[in-house]
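Laid out below as structure tokens are two forms of one and the same protein chain, each shown alone and named structure 1 and structure 2.
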Structure 1
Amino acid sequence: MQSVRLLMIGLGNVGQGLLTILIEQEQSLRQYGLNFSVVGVNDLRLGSLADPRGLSLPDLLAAAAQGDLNRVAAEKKGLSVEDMLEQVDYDVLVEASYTNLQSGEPATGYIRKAVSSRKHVVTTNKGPIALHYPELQSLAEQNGVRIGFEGTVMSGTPAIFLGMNWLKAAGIQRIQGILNGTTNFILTKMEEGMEYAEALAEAQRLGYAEADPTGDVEGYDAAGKVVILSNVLMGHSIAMGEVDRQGITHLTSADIRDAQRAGQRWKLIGTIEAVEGTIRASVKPRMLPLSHPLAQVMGATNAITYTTRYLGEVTLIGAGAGRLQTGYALLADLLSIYRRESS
């Protein structure tokens, strides 16, 4: 049995989702020959704990739900992230702190530090991967460790895995998708007659929306995912500012009804396309005929269509946000790092 000691930065919806799965699946994870423990947790809002013997996962989860980690037994309390990264003995940094798509900080600094100390990293944080992927990836290679970031696009639905491990060699020419759950949820609810503000509040309650939902409704979150897909799968580094971006805030209930009457549906669509040796990237609301496969994707569900040279179109539809769905992405990345080759 291999022990894997996790250091968790950020214990919001996603971190708590991972803890829930680790608790629920403890027995079945042993089948992989893995025993996960959490030796440190640091959350800006909830507090900071470290213990080399491992923290109680049920106690952590209960304390997080009550908004204060202080009641959990731990050898050390109150360490800063920087001190934790230096003083705690761990195997994998689980980085699920808040997303900053302007600088990628402070998460990028944490990931750099972990990788430089030869620790694996799994993250759901779009900032570091959208803004610093080539640098972080090369640092990881130099140090012989891996960075898993499946959860940055379509939560635990394996959009990155499929692209990197299967479709890349098939020649990806275009990627198009519904890459933000919150906006797809809002558009769906508005079609059902709900007001915009009420639909957004519901998306926040369900844990789909970013801490600042402007990132969702103005298309920044989807643009971050477009940049990640371009950098990772199209071999072409683009910056956030190069994405032609528009959100859904200007769409009114009347626009939604007009589309319905015309047998169409508004969707916020992210597109990355190789055109004459360069990349064109956009996030825009588009009115799609109901016969279009992406027009049928409703609620917080996401979808991605890869157009490839050898396979034509390959579409993946699945969860794009949510506590357990994104927590699962972290577990899948951990398993992918530690999976033993079956003989």
Structure 2
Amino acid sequence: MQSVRLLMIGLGNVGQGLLTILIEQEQSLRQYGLNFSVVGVNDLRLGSLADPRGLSLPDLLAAAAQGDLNRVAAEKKGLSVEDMLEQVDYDVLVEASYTNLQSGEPATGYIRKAVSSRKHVVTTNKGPIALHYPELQSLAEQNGVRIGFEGTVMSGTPAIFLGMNWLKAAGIQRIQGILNGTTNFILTKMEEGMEYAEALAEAQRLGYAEADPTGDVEGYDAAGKVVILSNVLMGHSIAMGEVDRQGITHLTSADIRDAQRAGQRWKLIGTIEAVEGTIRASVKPRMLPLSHPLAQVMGATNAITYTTRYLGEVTLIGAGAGRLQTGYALLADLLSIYRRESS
């Protein structure tokens, strides 16, 4: 049985989702020959703990729910992230702090430090992967470690795994996707008869949209995912500013009705397409015929369609967010790293 020591940066919904799965699936995970322990946690709101013997996962979950990690027994408390990266003996950095799509910091610095110290990294943070993937991947290769980032695009739905491990050799020519569940939920509700403002308020009430929904409704979140998909699957490094981006805030109920009368449906679609040796990337509302597989994806669900040379179109539909769903993405990356090491 191989012991894997995790250092967790961020213990919000995603981190708590991972802990829940590790607790519930402890026995099942032993079939992989792996025993996961958490030797350090740092959360901007909840506090900081470290213990080389491992922290109690149930106690961590309970303390997170109560808003104070100091309730958990630990050898060290109050360490900064920088101190933890230096002083805690760990195998994998689990990076699930807040996303910054302007600079990628501070998460990029944490990941850079970990891989430079020959530690694996798993992350759900779009900022570092969208803005600094080529550099971070090169650094990881130089140090013989891996960076897992499945959860950055479609939560635990394996969009990146499918693209990298099954479809890349099929010759991916175009990627189109519904990559933001909040906007898809809003458009669904508008089709049911709500006005935009009413649908947005409902999305906020249900927790799909933030109090400031700009990142979702103006297409920034989807644009970050488009950049990641281009960098990772299309072999072209592009910047956020190269994505032709438009959100959904200009769409009206009349637009929705016009599409319905035409047998079509509005969706916010992220697109990456190889054209004459270059990449065209966009995030825009598009009217899709109802026969299109993406047109049938409703509510907060995400979907992605790969157009390939040898397999034609392949569509994957699944959750694009959620505590357990995104927590599972971290676990899937961990299993991928250690299964490859043992093979």
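Rigid core here is just the name for the largest C-alpha set that superposes within 1.5 Å across the two forms. It should be emphasised that the depicted structure is a prediction, and the values quoted were computed from it without experimental measurement. All residue numbers here refer to structure 1's sequence, counted from 1.
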> Any idea which of the pair is the form predicted together with L-homoserine (HSE)?
Replying inline: 1
> Is I160 one of the residues whose Cα moves 2 Å or more between structure 1 and structure 2, with the core superposed?
Replying inline: no
> Relative to the superposed rigid core, does the CA atom of E210 travel 2 Å or more between structure 1 and structure 2?
Replying inline: yes
>> So that I can tell if L101 moves, could you say whether its C-alpha shifts by at least 2 Å between structure 1 and structure 2 after the core superposition?
In response: no
